[in-house]
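Given as structure tokens, the chain that follows is alone and in the form predicted on its own.
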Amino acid sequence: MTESPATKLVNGDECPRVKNGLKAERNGLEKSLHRCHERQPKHHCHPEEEEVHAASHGGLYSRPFIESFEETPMLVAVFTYMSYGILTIFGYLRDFLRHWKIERCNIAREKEEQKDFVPLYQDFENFYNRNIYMRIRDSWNRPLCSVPGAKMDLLEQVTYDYNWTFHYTGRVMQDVINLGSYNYLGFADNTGPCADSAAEATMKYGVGVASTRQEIGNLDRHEEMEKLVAKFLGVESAMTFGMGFATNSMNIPALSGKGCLILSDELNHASLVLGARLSGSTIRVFKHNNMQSLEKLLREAIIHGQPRTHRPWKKILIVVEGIYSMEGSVVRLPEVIALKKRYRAYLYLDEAHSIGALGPRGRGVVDYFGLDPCDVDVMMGTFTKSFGAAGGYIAGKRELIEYLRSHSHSAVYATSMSPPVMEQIITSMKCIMGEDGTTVGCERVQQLAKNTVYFRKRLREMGFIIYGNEGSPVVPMMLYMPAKIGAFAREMLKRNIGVVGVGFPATPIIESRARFCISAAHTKDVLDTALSVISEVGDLLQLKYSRRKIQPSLARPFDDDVYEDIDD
């Protein structure tokens, strides 16, 4: 078997390296993994993945926890930095030509008579957008002409000014395989029981409610939907909102404020970050999915209290996601809950991508690990992915929900959810629960799990570097260099496959990637076709970087000896 950093450590040869050449001890890997070696019997994992057994965490995990994050090849990292350096140099050159009107300037800028005003457009902050993003802008914002199913129709667009503006030719690209939409369970469709129910609701209630829930916009279907959501999640009560982003950004300020502490994962979604900032709470960030980093912050918060006064924090709120949409990683929820209980903190869990997509019953990451929903204080999720609808929810104890009904800005001031959207949620959720009298929902959950494992396995076998958990339907494939983001998307679209490319600043500067989203609607033939094309384009663009050596995730026992302070 090929020897990886993980197996070398178990054999006592050397400590693991972490990606980009950072020292292992800086994120707490070295100490914890040494203790893992001292206390556990030797075991060997596949060189591409790390497996956490239940016994290795004091019985916290009821199933193997397998994630892979392969180290960035040094040569690739060097060339990626060089690419950004060259683009930056040419960007400054083009800005110089634009300043002297040698090159036409298409960017938004102040009028000449307003040159002495405070700038409305931050010229330097837009440097990346106008000089780097603009070169590959054609890879995004393509109009769809159909439902975002397993296949979709795209409207062809062309540009005559290097992606500053686009023109539509009127030609429709039909049957493009869709590997970019969040349609995890395939409910985003225009046929079937969900579409029929939504149409009936439109005929009965109309499209809009034209009022807030607290005035005259509270329909009987709103009440039924919230009871169904609470039953689905296994909690006492739930409330729904018309926008998923606002569910986070408007409810966190209602739960936390001045004198409170928010501990946020460094890769949390922008809606969580915005909500934390709007709350006025003190925010401290812990390293992604790193329980040692989280516990260090918890200990410091308990010991030192608030800055200057050293008074105890009014409350400590841990904010994490179920599936991280850029990494494809799954939160280490059993460990987070154990730490939360140990230090008497509160837990806010965002299940936007995991609800419906994880767990044997599609109940999300709590179901995936077989945990008690009551151990999560605030359960949040959206209906925009697995349910093929719109909006979000907050669920938990009845007292929590009653408090939010009168204190949440999104509950008090926002217009009620649209009736056809409600009906889509109710019908799809009943289908997943089996309350429609069929097994279609259960079969879709199982099919998504099979498709995810198959797709990830095949990509790794081809030699691509894949990030994330084996059960995550979000599959990031590393591209690294900025030019390859656009090249990969264009070459895939030429072969009738639509993909999403992601780069800086949404990811670290040298970790640009293509992000595939797997759906239960994908058949094996569709996946095989897509995989064949991905392999072909991967050979063309030389994207098969894998050296079969991955950086192991944090595998360690859950005890007081391991969870100690991290040296900064």
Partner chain sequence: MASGQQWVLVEMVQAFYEAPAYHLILEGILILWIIRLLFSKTYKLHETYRLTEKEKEDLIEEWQPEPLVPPVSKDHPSLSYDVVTGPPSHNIIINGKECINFASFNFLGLLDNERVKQKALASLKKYGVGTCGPRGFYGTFDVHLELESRLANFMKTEEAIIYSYGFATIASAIPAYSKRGDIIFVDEAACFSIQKGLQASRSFIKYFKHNDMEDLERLLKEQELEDHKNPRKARVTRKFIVVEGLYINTADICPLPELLKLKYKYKVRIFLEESMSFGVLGEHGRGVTEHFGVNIDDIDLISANMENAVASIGGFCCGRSFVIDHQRLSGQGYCFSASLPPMLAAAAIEALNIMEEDPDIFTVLREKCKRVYTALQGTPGLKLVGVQFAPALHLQLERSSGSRDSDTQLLRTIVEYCMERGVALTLARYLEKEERFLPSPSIRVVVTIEQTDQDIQKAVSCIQEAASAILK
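Just so you know, these numbers come straight off a predicted model, no measurement behind them. For the two forms, the rigid core is made up of the largest set of C-alpha atoms that agree within 1.5 Å on superposition. Numbering follows the first chain given and starts at 1.
The same protein also exists as the form predicted in complex with its partner chain; that form is not shown, yet it is the one meant from here on.
K.L.:
So which of Val440, Ala449, Ala390, Val235 gets a non-hydrogen atom within 4.5 Å of its partner chain in the predicted bound form?
P.N.:
It is Ala390 that has a heavy atom within 4.5 Å of the partner.
K.L.:
Of the residues Tyr346, Tyr454, Phe369, Tyr84, which one places a heavy atom within 4.5 Å of its partner chain in the predicted bound form?
P.N.:
Partner contact (heavy atom, 4.5 Å) among the options: Tyr346.
K.L.:
Going by a heavy atom distance of 4.5 Å, is Lys204 a contact of its partner chain in the predicted bound form?
P.N.:
Output for Lys204 is yes: heavy atoms within 4.5 Å of its partner chain.
K.L.:
In the predicted bound form, does Asp436 have a heavy atom within 4.5 Å of its partner chain?
P.N.:
Looking in the predicted bound form, residue contacts with its partner chain do not include Asp436, since no heavy atom lies within 4.5 Å.
K.L.:
Give a yes/no on whether Ala198 approaches its partner chain to within 4.5 Å in the predicted bound form, heavy atoms considered.
P.N.:
Yes, Ala198 is a contact residue.
K.L.:
Is Thr384 close enough to touch its partner chain in the predicted bound form, meaning at least one heavy atom pair within 4.5 Å?
P.N.:
Looking in the predicted bound form, residue contacts with its partner chain include Thr384, since a heavy atom lies within 4.5 Å.
K.L.:
With its partner chain left out here, work out from 477-485, 147-155, 354-362, 464-472 which stretch has heavy atoms within 4.5 Å of it in the predicted bound form.
P.N.:
Comparing against its partner chain in the predicted bound form, the contact stretch is 147-155.
K.L.:
What I'd like checked is whether Leu120, Val209 and Ala411 together line its partner chain in the predicted bound form, meaning each has a non-hydrogen atom within 4.5 Å of it.
P.N.:
Looking in the predicted bound form, the three residues Leu120, Val209 and Ala411 all sit within 4.5 Å of its partner chain (heavy atoms).
K.L.:
What residues, if any, in 393-429 have a non-hydrogen atom within 4.5 angstroms of its partner chain in the predicted bound form?
P.N.:
Those in contact are Glu399, Leu400, Glu402, Tyr403, Arg405, Ser406, His407, Ser408, His409, Ser410, Ala411, Val412, Tyr413, Ala414, Thr415, Ser416, Ser418, Pro420, Val421, Gln424.
K.L.:
Taking the rigid core as reference, does the Cα of Arg308 move 2 Å or more between this form and the one not shown?
P.N.:
No.
K.L.:
Any chance the CA of Asp372 moves 2 angstroms or more between this form and the one not shown, core superposed?
P.N.:
Asp372: C-alpha displaced by less than 2 Å between this form and the one not shown.
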